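Encoded as structure tokens, the following chain is the form predicted on its own, with no partner shown.
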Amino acid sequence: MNTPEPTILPAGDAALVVAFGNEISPAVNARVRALTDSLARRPLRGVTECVPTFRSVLVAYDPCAVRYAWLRRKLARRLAALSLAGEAETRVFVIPVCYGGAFGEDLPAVAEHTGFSPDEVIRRHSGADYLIYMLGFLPGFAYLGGLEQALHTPRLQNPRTSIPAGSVGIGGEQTGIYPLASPGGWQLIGRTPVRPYDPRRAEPILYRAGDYIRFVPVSAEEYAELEQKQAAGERIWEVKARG
């Protein structure tokens, strides 16, 4: 795939945006992560924060420390030397999910919309590795790519005022995990006992952009056992290398 040249644009008086095109794709997002990682490893003077998105990086800076023109030149040189080689090993987080019933009350509605049986929805939803494009909305909320088109389901017309932490849902072209109890309009198809965000952990957010998530179905009994293990401090997810 031919990727467009990145563009550097001002974003107010204390930030700029490096955009890698208009397409949401793994290839474009890989360049976003490469620049973000490069700036983390070798920071530029005056830069205060880097915020990666689906297809761009917001670079905030202190205008009292550096000028826009200087930082733009430095970023252009960094981009010219940017390489995707040597990226960190791709990790897959294997997340247990209890689908349907009290854990996923919208599973029948998703099945009706897609024309599949509930079991087929579960099989398809748990049959893919989902790329984490970026994190946002809530701490640990991962914006995932890779939901097959046949499972795309509109959001609820009337969002819920509160849904449980760990709820797994489908909203339009996306799927994901609600890391905290919050309002939400996605169709809930399951729940995981894993907490993507836990301020008590050494690393509160479980994964990062560039990792993958794989959902694995478990029974209600297994869910209860996993909850008990987690309460006892045991790790209830797996991390695998993606080949």
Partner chain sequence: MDNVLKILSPGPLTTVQDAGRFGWMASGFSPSGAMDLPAARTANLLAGNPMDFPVLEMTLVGIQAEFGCDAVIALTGADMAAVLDGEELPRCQAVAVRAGQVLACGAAREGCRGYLALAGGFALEPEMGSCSTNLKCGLGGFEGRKLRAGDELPLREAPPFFGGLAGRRAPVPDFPPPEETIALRVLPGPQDGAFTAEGLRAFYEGKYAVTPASDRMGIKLAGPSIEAKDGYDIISDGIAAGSVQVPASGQPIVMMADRQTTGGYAKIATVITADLPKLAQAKIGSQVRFRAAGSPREAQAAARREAQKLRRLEYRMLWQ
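Positions refer to the first chain, counted from 1. Source: prediction; values computed, not measured.
Separately, the form predicted in complex with its partner chain exists; it is not shown, and the next lines address it.
The partner is absent here; in the predicted complex, the one residue of Val218, Cys50, Val194, Leu35 having a heavy atom within 4.5 Å of its partner chain is Cys50.
In the predicted complex, its partner chain sits within 4.5 Å of a heavy atom of Pro199. Its partner chain in the predicted complex is not approached by Pro118, whose heavy atoms all lie more than 4.5 angstroms from it. At a distance threshold of 4.5 angstroms between non-hydrogen atoms, Gly136 is in contact with its partner chain in the predicted complex.
For Tyr143, a non-hydrogen atom is located within 4.5 Å of its partner chain in the predicted complex, even though that partner is not displayed. Proximity to its partner chain in the predicted complex, taken as heavy atoms within 4.5 Å, picks out 51 to 59 from the listed stretches 38 to 46, 184 to 192, 210 to 218, 51 to 59. Contact check at 4.5 Å (heavy atoms) against its partner chain in the predicted complex: none of Ala109, Ala111 and Ile122 pass. Interface residues of 8 to 22, taken as those with a heavy atom within 4.5 Å of its partner chain in the predicted complex (partner not displayed): Leu9, Pro10, Ala11, Gly12, Asp13, Ala14, Ala15, Val17, Asn22, in sequence order.
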